[in-house]
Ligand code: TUI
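Presented as structure tokens, the chain that follows is alone, the form predicted alone.
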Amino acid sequence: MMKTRITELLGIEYPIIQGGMAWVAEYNLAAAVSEAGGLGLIGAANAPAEVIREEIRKTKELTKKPFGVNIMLMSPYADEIAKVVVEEHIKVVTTGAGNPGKYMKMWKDAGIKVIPVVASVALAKMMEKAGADAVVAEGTEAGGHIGEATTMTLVPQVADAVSIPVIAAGGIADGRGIAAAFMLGAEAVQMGTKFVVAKESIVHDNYKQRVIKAKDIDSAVTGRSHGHPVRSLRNQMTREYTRLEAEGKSFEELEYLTLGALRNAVMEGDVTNGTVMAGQIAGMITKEQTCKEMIEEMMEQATKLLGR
């Protein structure tokens, strides 16, 4: 057990939250993380509302512990999913890619804890004003869609700017990262890449092995020129994207290249032409473990370091 405002707020044993990764964060993984004492999340991504309702119900069959749903606000189904989480009595919602302001009253009235992911101090302050219970300050080291500030610089600035608890994300994969995040002012961490290789994760083995074998220099960011940077592991697809980006191709042309690429990597195991989203921390991940083994190992290391 490690008590912080976040563990108290969410009713969890350990200050560890699993990222709401598209195609990856489904009911098996969410339930396993929650069962292990963290907070598991179902990643709604671009899935229809009824698919998410089904995921929620399946998670409930596997765990009685708290879990949440990550809602990507740019999703065409965001309005419907916002209602589904209320109908299914979800305790926690994290949000990405936008401002959850229009759903805030409905969620708060239903007793849902709302935790937006932010990449700047300005957005963190705006979210606190809107009634958020906490924020996830996510640095550019994270996998997937990213901001510019690093976790090391963003977390302390956000922690100084708001009075609600801050969760650190981006570049955290072990107890050292957890301890460092706490030193920076965070009261919990959110991890994505680490849980991709969990034994309970449904991710294709090719994808898991690509993360496990990754080196420190294998991280690539595409889409910067169009203001939509995405971090993944280098492969044929990132090289082609970078080449076309350098030629000045339009955002639409570049997006066409990545259509269905994440699903192909996660579900079909195409790690050559698919999008292998992973954080810069991938080079530190060397083995597959159960969620319970991961969380207990990391917490033991963090507790020792913080005890020093």
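In this text, residue numbers run from 1 along the sequence as written. In this text, all values refer to a predicted model and were calculated from it rather than measured experimentally.
One more form of this protein should be noted, the form predicted together with the named molecule, which is absent from this view; the next part is about it.
- The closest heavy atom approach of G171 to the named molecule in the predicted bound form falls outside 4.5 Å.
- Interface residue remark: G144 is counted as part of the site for the named molecule in the predicted bound form, having a heavy atom within 4.5 Å.
- Interface residue remark: M277 is counted as part of the site for the named molecule in the predicted bound form, having a heavy atom within 4.5 Å.
- Shown alone here, M183 lies farther than 4.5 Å from the named molecule in the predicted bound form, counting heavy atoms only.
- Residues within 4.5 angstroms of the named molecule in the predicted bound form, judged by any non-hydrogen atom, belong to 98-106 and to none of the other stretches in 199-207, 160-168, 98-106, 84-92.
- Residues E26, I42 and A78 are none of them found to lie within 4.5 Å of the named molecule in the predicted bound form, as judged by heavy atom distances.
- Of the candidates V230, V121, I212, A149, V230 is the one whose heavy atoms come within 4.5 Å of the named molecule in the predicted bound form; the others do not.
- The partner is absent here; in the predicted bound form, the one residue of V117, A134, I112, A179 having a heavy atom within 4.5 Å of the named molecule is V117.
- Looking at 72-86, the residues that come within 4.5 Å of the named molecule in the predicted bound form, counting any heavy atom, are M72, M74.
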